[in-house]
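Below you will find one chain, with nothing else, as structure tokens; this is the form predicted on its own, and questions on how it binds or moves follow later.
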């Protein structure tokens, strides 16, 4: 008799275990079923980031992204994955007004997508919200440092941690979110020494995930399109692992040339009569 082996999708608790075991956590963003299917085999979690506003829709920031957009793309990513934990960004305006607003919208995301966790931006000022959510069964990933939803108050996409007292402030943010019950915290755009101090702080139980931070984090994440060379502009912290933009352009040019010359479609690309 053959035995069916079922694989369990990773959960938020698994990331905490990886931190305890000293195993690096691997993550990438995805917004489509087909790309999600590719990264699923290699990533511990896949983030459906509100960066989709900029990557997919050409927006100048993440601020115009709606909850409906996040849910739609998260549904696609869930269809394309079977192994990785899927985390969904809570977009700007969906959680800031109150703990109750945050819970209602987070519950909607989890119900309508089947994802395993949500992510929200902000430090100590959102600790009460994080605790409210986790107490009600919503796994929460935090996000501190360069928080793109605060681009207007930050004066742009500026690296954090340069000023006097920034290390104490950012470490306090991380501790507050961790103490509130977050299973993980993204550290974005933080100068290396400050990010390292946070990532190695024994008081922070949540797994730290770096993006433009430090190798000392428990894991790393990048925007998939950035590391594949599809984006026009990428931040300093991105390492290019591919040049798909050039390959796509080459393929499209070849297609256009063959159509123009009448070489495509050839006989093998058409249907003969029966």
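Positions refer to the first chain, counted from 1. Quick caveat: nothing in here was measured; it's all calculated off a predicted structure.
As for the form predicted together with 3-methyl-2-oxobutanoic acid (KIV), it is not shown, yet the points below apply to it.
Proximity of residue 133 to 3-methyl-2-oxobutanoic acid (KIV) in the predicted complex: non-hydrogen atoms within 4.5 Å are absent; the residue sits far from the partner. For the chain shown alone, residue 47 is a contact residue for 3-methyl-2-oxobutanoic acid (KIV) in the predicted complex, at least one non-hydrogen atom being within 4.5 angstroms. At a distance threshold of 4.5 angstroms between non-hydrogen atoms, residue 211 is in contact with 3-methyl-2-oxobutanoic acid (KIV) in the predicted complex. Although the partner is absent here, residue 173 sits far enough away that none of its heavy atoms falls within 4.5 Å of 3-methyl-2-oxobutanoic acid (KIV) in the predicted complex. Stretch 182 to 190 is the contacting one of 158 to 166, 122 to 130, 182 to 190, 75 to 83, since its residues have non-hydrogen atoms within 4.5 Å of 3-methyl-2-oxobutanoic acid (KIV) in the predicted complex. Using a 4.5 Å cut-off on any heavy atom, the one residue of 76 to 98 that reaches 3-methyl-2-oxobutanoic acid (KIV) in the predicted complex is 89.
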